[in-house]
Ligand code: NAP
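Let's start with one chain on its own, the form predicted on its own, as structure tokens.
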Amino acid sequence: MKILVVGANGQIGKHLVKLIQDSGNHMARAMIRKQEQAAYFKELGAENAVVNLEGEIADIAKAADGVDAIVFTAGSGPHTGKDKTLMVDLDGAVKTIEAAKMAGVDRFVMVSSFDTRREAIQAASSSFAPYVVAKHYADEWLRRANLDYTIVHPGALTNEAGTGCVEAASEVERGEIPREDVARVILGCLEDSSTIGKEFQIVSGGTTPIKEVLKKL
């Protein structure tokens, strides 16, 4: 399977590309914003596509040409303003979904926020609410896009080493999860067709390996 990772230069994205390349079964194409970001991915043997997510849908579709699946793990980051949240987390996600359709790529995995329901928007702080709103509508766009989607809602992200075990369900108690384990969950979803059409929250915990957890969703 060839997988386009949108937001590959982010922390989850880097973990995911490495996991894909180490799998021996798949190939990653890292979509990055700047050519100077390519060295890390070339070292892993991954393909690269330099595309600005704030550009045209056709540019993203070109990056998706010939791939079997797309993962959207891009994010504006915690230190950008509401404008970047709108342009990346909402518009960038929607354009990637439309690019998938243009390129004929049916499989799509979205890395969302922990809770993007309407109640979460109302409960969010004034600074965090725009991010939740962006994710809410991006998720809704994907649900209606007629793609083979999975939406992953991770808990608070950490840089701890992954354990390979998570708790996952439509709703779990809030908690943390290493970015490395989020990447493992994403790859697990791509390898397990039973996750198509599903969305779920994930946090660290338990002793059940990720692949087994996903089969029980």
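One rule holds for the numbers: they count along the sequence shown, beginning at 1. Since the structure is predicted, the reported quantities are computational estimates derived from the model, not experimental observations.
Beyond the structure shown, there is the form predicted in complex with the ligand, which is absent from this document and is the topic of what follows.
Undergrad: Under a 4.5 angstroms heavy atom criterion, identify the one residue in Cys165, Ala169, Leu44, Ala156 near the ligand in the model of the complex.
TA: Of the candidates Cys165, Ala169, Leu44, Ala156, Ala156 is the one lying within 4.5 Å of the ligand in the model of the complex.
Undergrad: Check each of Ala69, Val51, Ala61, Ala38 and return the one that places a heavy atom within 4.5 angstroms of the ligand in the model of the complex.
TA: Contact residue from the list: Val51.
Undergrad: When you measure heavy atoms, are Asn9, Asp89 and Arg179 every one within 4.5 angstroms of the ligand in the model of the complex?
TA: Yes, each of Asn9, Asp89 and Arg179 comes within 4.5 Å of the ligand in the model of the complex.
Undergrad: May I ask you to state whether Phe108 is within 4.5 Å of the ligand in the model of the complex, using heavy atom distances?
TA: Phe108: no contact with the ligand in the model of the complex.
Undergrad: Is Ala74 close to the ligand in the model of the complex, meaning a heavy atom pair under 4.5 Å apart or at it?
TA: Judged by the heavy-atom cut-off of 4.5 Å, Ala74 is in contact with the ligand in the model of the complex.
Undergrad: Would you check, heavy atoms only and a 4.5 Å threshold, whether Thr85 touches the ligand in the model of the complex?
TA: No, Thr85 stays farther than 4.5 Å from the ligand in the model of the complex.
Undergrad: If we check the ligand in the model of the complex, which of the residues in 121 to 137 reach within 4.5 angstroms of it by a non-hydrogen atom?
TA: Read in sequence order, the residues that approach the ligand (within 4.5 Å, in the model of the complex) are Tyr131, Lys135.
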